[in-house]
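The chain below stands alone and is given in structure tokens; this is the form predicted alone.
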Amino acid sequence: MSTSTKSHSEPAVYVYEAPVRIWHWTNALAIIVLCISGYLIGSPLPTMPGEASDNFLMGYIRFAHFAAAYIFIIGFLGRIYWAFVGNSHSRQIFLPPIFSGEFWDGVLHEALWYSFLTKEPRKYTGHNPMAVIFMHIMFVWGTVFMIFTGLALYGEGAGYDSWQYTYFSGWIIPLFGQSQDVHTFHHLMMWVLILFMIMHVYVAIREDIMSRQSLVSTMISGWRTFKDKRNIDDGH
């Protein structure tokens, strides 16, 4: 792990490489577009005034949803690739060390810290253990669920001879029972991801302020800095 010191009191560690940072912000934008357009698809706008042929608003909304979905999918596949070729921090959320007692001790400590039941935070160069487990369960597997169900729904419109129907619709829709059930769970998972994003933003800003280590700026510059040197953990 490469570590440099910007000053005598503020060590800095290069954590997030450029591909991870680009993916993070592109992915965030894609998710925002997906959530807004997905909500409107599930709860369409009232009838537009004038002739139906003069309005294509829902068509544009669906196009935005599908375009953002493919950006989301391609970005996720690229992120999986970078987990294998990037630094150790790039694979944390994909391969949590669930058989490590130290890892679960860190999860417990972070739960106490977020609950305001302990006064001293631990510092990690990468994600803290609780962030790793939450991002693995809610984001990684939530993303897989949304991609699979989304492509299954898209395959219905694309037709029986489409690759989306062949590889996704043909088995996912019968697995859930019917198309409407897939729509329902796809929509519900959207709200789960929205709640996750709210928690993610809150915790990032909270830790930036309270734990005396950078989080938000780290995903911009790639460097994690610490306002003091106490209890710094390498995150493994």
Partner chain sequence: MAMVETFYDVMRRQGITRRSFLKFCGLTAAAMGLSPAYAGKIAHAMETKPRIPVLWLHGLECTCCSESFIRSAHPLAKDVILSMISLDYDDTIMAAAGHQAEAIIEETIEKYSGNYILACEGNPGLEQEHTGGMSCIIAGKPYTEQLRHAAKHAKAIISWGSCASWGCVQAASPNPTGATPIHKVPDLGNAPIIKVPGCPPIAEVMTAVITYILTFERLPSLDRQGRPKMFYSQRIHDKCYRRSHFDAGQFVEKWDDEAARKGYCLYKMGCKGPTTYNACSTIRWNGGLSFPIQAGHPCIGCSEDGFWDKGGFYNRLTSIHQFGVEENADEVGIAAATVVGGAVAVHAAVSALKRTQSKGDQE
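These numbers were taken from a predicted model, which means no experiment stands behind them. Numbering follows the first chain given and starts at 1.
Keep in mind the form predicted in complex with its partner chain is missing from the figure; the text below concerns it.
With the partner omitted here, the stretch from 126-134, 93-101, 112-120, 77-85 that lies within 4.5 Å of its partner chain by heavy atoms in the predicted bound form is 112-120. The closest non-hydrogen atom of T166 lies within 4.5 Å of its partner chain in the predicted bound form. Although the partner is absent here, I205 is not a contact residue: none of its heavy atoms lies within 4.5 angstroms of its partner chain in the predicted bound form. Although the partner is absent here, Y160 is a contact residue: one of its heavy atoms lies within 4.5 angstroms of its partner chain in the predicted bound form.
Under a 4.5 angstroms non-hydrogen atom cutoff, its partner chain in the predicted bound form has M58 among its neighbouring residues. Contacts of stretch 144-179 with its partner chain in the predicted bound form, defined by any heavy atom lying within 4.5 Å, are made by E156, G157, Y160, Y165, T166, G170, W171, I173, P174, G177, Q178, S179, listed in sequence order.
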